[in-house]
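Form predicted on its own, single chain, as structure tokens, below.
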Amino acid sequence: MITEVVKANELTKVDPVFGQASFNDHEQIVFCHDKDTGLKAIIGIHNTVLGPALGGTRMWKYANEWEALNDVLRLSRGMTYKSAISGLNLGGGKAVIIGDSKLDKTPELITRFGQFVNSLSGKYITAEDVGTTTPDMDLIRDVTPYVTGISEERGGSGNPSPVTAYGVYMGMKAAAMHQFGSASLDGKRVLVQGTGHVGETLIDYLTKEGALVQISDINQARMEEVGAKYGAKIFMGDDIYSADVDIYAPCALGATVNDETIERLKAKVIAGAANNQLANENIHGKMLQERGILYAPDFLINAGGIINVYAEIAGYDKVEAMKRTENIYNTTLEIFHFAEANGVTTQQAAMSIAQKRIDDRKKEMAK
């Protein structure tokens, strides 16, 4: 199906959905619309070989619907490999709601979205993400069982952000071990881009260990609040990518590692919480490798959140969730060693190991 878009009073034909590079063999894409609540949402289900597709719901004011579609496709694909590399019996999915979460989000809109999730009968299980909260997940739980990350008062695992941050911290320590010869971050200069829930908790871990932390955020008030709370310095330069630091930790939106930024990077390690940090995983993974910059694959080290909410499905407690998340340190080192031994980028190494687990399950199912 060709989608036609009216632009500047002219009818312009754009590529079909299946032709998008980010489509990448998705099983299903669901477009959700409700006139009464103003809901416009897209659910992307990339792969369900290992289990139901679990992934959070992001609410964001996208520039246009194609941008929203591309985001959900990239994010849901990433969830497939995140679950696979973490050893979880889950597939990959994600959802986006188009709108400003501060202005457009209402209980009615969130509830209506939950009804769309319920209509998929468990093929997709949602959770919180940028622009959504634990109370939102509680509202969704009122209309569907296919939601995780609900409040602890209702028997859920609560906000996954602290566990996500702990996993990123473990991955960063593994990267420091591989690149600098020590897992200690004491005295290491770290630039954290993004001071949201995950970024703030990561900053807490880093400052307590003695890292020299600089922070950057588009929200000046939030940045100043976090900086004062943890004693982190606010980055004052014009170009964060050329900052003289040891570690760059992107913890906001993705694609910050690209043609323009890689050449300016002085950091020797990239380890952060943001999804899809590489604008092009093949091209930019290789560029980092050639420049001697060690990249900790985002879908590997930010998997703490999904490990945490998976507890609601698998039945383990918070202690076990933290233990499994701590193991991200070992898995990250294994990925680095695999990449070196096989002459591939760290992104390719992580992807190949995750894909092998999916392929092995396919073979088992075919018997």
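Keep in mind the model is a prediction, meaning the values are calculated, not measured. In this text, the rigid core denotes the largest set of C-alpha atoms whose superposition between the two forms falls within 1.5 Å. All residue numbers refer to positions in the sequence shown, first residue = 1.
The protein also exists as the form predicted together with ligand NAD; that form is not presented, and the subsequent description refers to it.
Of the candidate stretches 149-157, 132-140, 269-277, 99-107, only 269-277 has residues whose heavy atoms lie within 4.5 Å of ligand NAD in the predicted bound form.
The listed set G92, G199, P297, G167 contains one residue whose heavy atoms approach ligand NAD in the predicted bound form to within 4.5 Å, identified as G199. A residue is said to contact a partner when one of its heavy atoms sits within 4.5 Å of a partner heavy atom; T111 fails this definition for ligand NAD in the predicted bound form, lying far away. Residue contact check for S119: none of its heavy atoms lie within 4.5 Å of ligand NAD in the predicted bound form.
In the predicted bound form, at least one heavy atom of I218 sits within 4.5 Å of a heavy atom of ligand NAD. Put simply, A249 is far from ligand NAD in the predicted bound form: not one heavy atom of it is within 4.5 Å. Taking a 4.5 Å heavy atom cutoff to ligand NAD in the predicted bound form, the one contacting residue in 80-110 is K82. In this overlay on the rigid core, K82 has a C-alpha that sits less than 2 Å away from its partner position between the shown form and the other one. Superposition of the core reveals a Cα shift of 2 Å or more for K102 between the shown form and the other one. After superposition on the rigid core, the Cα of R58 moves by 2 Å or more between the shown form and the other one.
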